[in-house]
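Take a look at this one chain, the form predicted on its own, written out in structure tokens.
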Amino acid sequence: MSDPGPILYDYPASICSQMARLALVEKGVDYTRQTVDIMGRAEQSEPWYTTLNPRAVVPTLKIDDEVVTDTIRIVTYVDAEFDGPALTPKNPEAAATMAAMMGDIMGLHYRVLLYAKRLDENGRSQTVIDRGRFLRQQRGQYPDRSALLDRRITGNEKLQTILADPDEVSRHESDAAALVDHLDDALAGRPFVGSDTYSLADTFATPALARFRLHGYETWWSDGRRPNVAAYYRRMEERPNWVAAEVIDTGDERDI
């Protein structure tokens, strides 16, 4: 049997999956994808997948017998282990700045942003409520996965609590807007995030901005606001790897 090469287990609209795909295509890695349906079928909770990734999240990268999880670890591994253009600055200070930006991007609560503009008058999302009901059904059907599903049920309940509190929603939106301010500063006089060359920071910033646009926050860099981010976003859309990595900035909440 021929070697399939690197396999990325992902979900098309997952922001973290987009980050991993961007790193792989920017490095020119020949890889294959296996979709993990994290929405309709909750395949991330199935034993075949949790054997690969005990946290039951996407993406996961498998290279021969080696399995790499966690998005930052995946893109760092891809940059270090595969041929292609370096995506980490050689200067230690610049590399540290890049890593800090990646951490800031990963630190946002994207699910709050997803539902914040889609709430009823009581601050509820029927999609989130339905998801919680589905998770509880899964727990009853698969008691062997109870620990994993209990964590997801708790997370779903916390999300519902946040969404019902306008001040909490506003705080998360402010955190995201502050990140866009940070990106605008990092792009001042530079074509890429904090650098003259494309780096791992860009593999994170691009899907993050795409996700903001998808959720209706493009106003953060329109009408003259944050012009560096606005110009950057246009440049990233024009890169061939935007299409190759399937960066997504339009869609419906049930698809993402």
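Note that the structure is a prediction, hence the values are computed from the model and not measured. In this text, residue numbers run from 1 along the sequence as written.
In what follows, reference is made to the form predicted together with a small molecule, a form of this protein that is not presented.
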Legend entry - Listed range touching the small molecule, judged in the predicted bound form by heavy atoms within 4.5 Å, from 103-111, 90-98, 159-167, 119-127: 103-111
Legend entry - Position in contact with the small molecule when the complex is considered in the predicted bound form, options 190, 225, 55, 41, heavy atoms within 4.5 Å: 55
Inset, instruction - Examine residue 218 and determine whether its closest non-hydrogen atom to the small molecule in the predicted bound form is within 4.5 angstroms. - result: no
Inset, instruction - Determine whether any heavy atom of residue 194 comes within 4.5 Å of a heavy atom of the small molecule in the predicted bound form, and answer yes or no. - result: no
Legend entry - Contact label in the predicted bound form: residue 15 to the small molecule, heavy atom within 4.5 Å: yes
Legend entry - Contact test in the predicted bound form: residue 70 vs the small molecule, heavy atoms, 4.5 Å: yes
